[in-house]
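The chain below stands alone, shown as structure tokens; this is the form predicted on its own.
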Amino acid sequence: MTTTPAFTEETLDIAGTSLQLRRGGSGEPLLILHGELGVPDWLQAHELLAKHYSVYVPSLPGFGTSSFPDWLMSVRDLSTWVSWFVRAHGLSTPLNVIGFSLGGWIAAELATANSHIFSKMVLVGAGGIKPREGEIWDYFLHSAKEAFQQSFHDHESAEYLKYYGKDWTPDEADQVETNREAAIRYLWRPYMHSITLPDLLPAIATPTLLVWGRQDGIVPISSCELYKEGIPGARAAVLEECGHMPEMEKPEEFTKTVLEFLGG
């Protein structure tokens, strides 16, 4: 296990997986479910949230250095895995969750089936719902570099430049391709959406905040509108001049918006 003043990173044998887990902060648990491009590090948004909560950021199976069990084939399988991880790691429930894109879809699937696991849920640029207008951008017809460029509105933002606006080392490039391989298995058919989830959204009893970048170039904002219509009582916060990754593009504004909802 390696430790810095901000967070710890360790590998656990848990929930049927050799799992990469980053953790920081103290207090009530806050679970972070990353998107289909993975999570490159302990981000500024994680650090800001960790001032109020114990923040848990697992690399989902197949992403980062987490292993990839053969039985995991779909987003619904991943939602079952998240429930297993929460129980096996001893996290007290109900707990707050923030899900980004793929992670938002996973959280929504889990909330439709288990009303007791989450106390509050934040879905950020969530996949899973086919947009009413526009199309979900196809990651797999483009290069990895193009995927990150499409995900950000501001290519001068600090974390874009730090992680994506540079030449990758061989290890970094290999990690990006490993993450893409996992995303392909989970998201290919049907691409980035569920046939059944729209009809299941009214089953969600968890207080929900939807956070979207106005200029989201991956999941159009019309998907946000469909989530809001489907989840009883859901609220939406739209960040202006912001793309698909508000946690990296506008970490302070994003964190303020989330904390006001969670009550941190």
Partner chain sequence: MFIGHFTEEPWQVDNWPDEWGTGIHKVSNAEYDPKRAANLYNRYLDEKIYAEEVGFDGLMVNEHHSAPFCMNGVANVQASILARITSKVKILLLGNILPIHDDPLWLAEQLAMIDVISRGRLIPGIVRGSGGESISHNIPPHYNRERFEEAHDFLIKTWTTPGPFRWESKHYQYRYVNPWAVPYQKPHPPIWVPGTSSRETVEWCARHRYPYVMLSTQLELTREMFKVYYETAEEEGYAAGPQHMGYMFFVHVEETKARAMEVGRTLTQGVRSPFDPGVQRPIPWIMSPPGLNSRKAVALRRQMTAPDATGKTRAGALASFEDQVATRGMIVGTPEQCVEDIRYIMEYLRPGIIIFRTGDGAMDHESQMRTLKLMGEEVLPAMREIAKELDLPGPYEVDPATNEAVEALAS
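Positions refer to the first chain, counted from 1. Note that this is a predicted model, so its numbers are computed, not measured.
The protein also exists as the form predicted together with the partner chain; that form is not presented, and the subsequent description refers to it.
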Inset, instruction - Identify which of Ile136, Ala113, Leu91, Ile184 has a heavy atom within 4.5 Å of the partner chain in the model of the complex; exactly one of them does. - result: Ile184
Legend entry - Heavy atom contact within 4.5 Å of the partner chain in the model of the complex, the stretch among 153-161, 122-130, 138-146, 92-100: 138-146
Legend entry - Any non-hydrogen atom of Arg76 within 4.5 angstroms of the partner chain in the model of the complex: no
Inset, instruction - Indicate whether the partner chain has at least one heavy atom within 4.5 Å of a heavy atom of Thr178 in the model of the complex. - result: yes
Inset, instruction - Answer yes if any heavy atom of Asp174 is within 4.5 Å of a heavy atom of the partner chain in the model of the complex; otherwise answer no. - result: yes
